[in-house]
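Encoded as structure tokens, the following chain is the form predicted on its own, with no partner shown.
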């Protein structure tokens, strides 16, 4: 009994520590003078619009990769796994510098793309690129786990019944992995929407929510941060919270 109480006390302490910053936000916000700084609305529009574009690219390119990694074992696959982990573990500022070196105006890819009219610094495409690189590894790893949870026997049965591999994917693999894939989408959404380090380096303009939070803090002060921070929570968290609760209900 004493061990159980000790564990419960540690759990309560951990939960209290997790809740403390959010309680601090509620207490620190000046609700009587709640208002937005100049440009906050534009930052919200930029983040929402371009994050949706980045999320679409992540799902379109990351889903086939995740399925391939979950269903195929080839020589040298550890290199692919290492590349994913390297992209995942690289600090955001370092990733931003790497992207600037490759896609900047003096980079090998950036100079060629700029001749074709595509500028990948301080532009909407650069913003999408930054979010794509920041969130793709998270999506691929989570989606891979979702596909690995699908029994291969069911896919083999579908193939023996005459379904093509593509039809088997859309009729068997995808529906059975949909809950895990939805969680992967939610993770990528929050990761892309909240990315600061990579965006700061390659796409300071157009300013999204994270960079605008930083400029408000520097130019106005802490009080100008809270309203935009509330908006961030309102637009970023409903999807992952709903999916998390759905997963918990399904496992219950």
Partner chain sequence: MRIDYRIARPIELSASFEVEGFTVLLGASGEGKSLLLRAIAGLLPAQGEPYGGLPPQRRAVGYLPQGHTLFPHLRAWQNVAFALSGPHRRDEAMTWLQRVGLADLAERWPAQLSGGQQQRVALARALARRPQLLLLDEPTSALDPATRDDVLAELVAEVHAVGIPTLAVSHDPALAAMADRLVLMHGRRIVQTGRPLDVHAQPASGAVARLLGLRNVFRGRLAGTAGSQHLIWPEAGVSLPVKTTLADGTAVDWHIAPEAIRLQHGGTVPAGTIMAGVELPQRSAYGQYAGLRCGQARLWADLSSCHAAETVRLSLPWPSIRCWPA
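Numbering follows the first chain given and starts at 1. All of these numbers come straight from a predicted model, not from anything done at the bench.
A second form of this protein, the form predicted in complex with its partner chain, is not displayed here; the remarks below concern that form.
The stretch among 149-157, 130-138, 102-110, 84-92 whose residues place heavy atoms within 4.5 Å of its partner chain in the predicted complex is 149-157. For the candidate spot formed by 115, 119 and 126, no residue has a non-hydrogen atom within 4.5 angstroms of its partner chain in the predicted complex. The closest non-hydrogen atom of residue 71 lies beyond 4.5 Å of its partner chain in the predicted complex. For the chain shown alone, residue 172 is a contact residue for its partner chain in the predicted complex, at least one non-hydrogen atom being within 4.5 angstroms. Contact annotation: residue 176 falls within 4.5 Å of its partner chain in the predicted complex, judged by heavy atom distances. Not displayed here, its partner chain is kept clear of residue 79 by more than 4.5 Å at the level of heavy atoms in the predicted complex.
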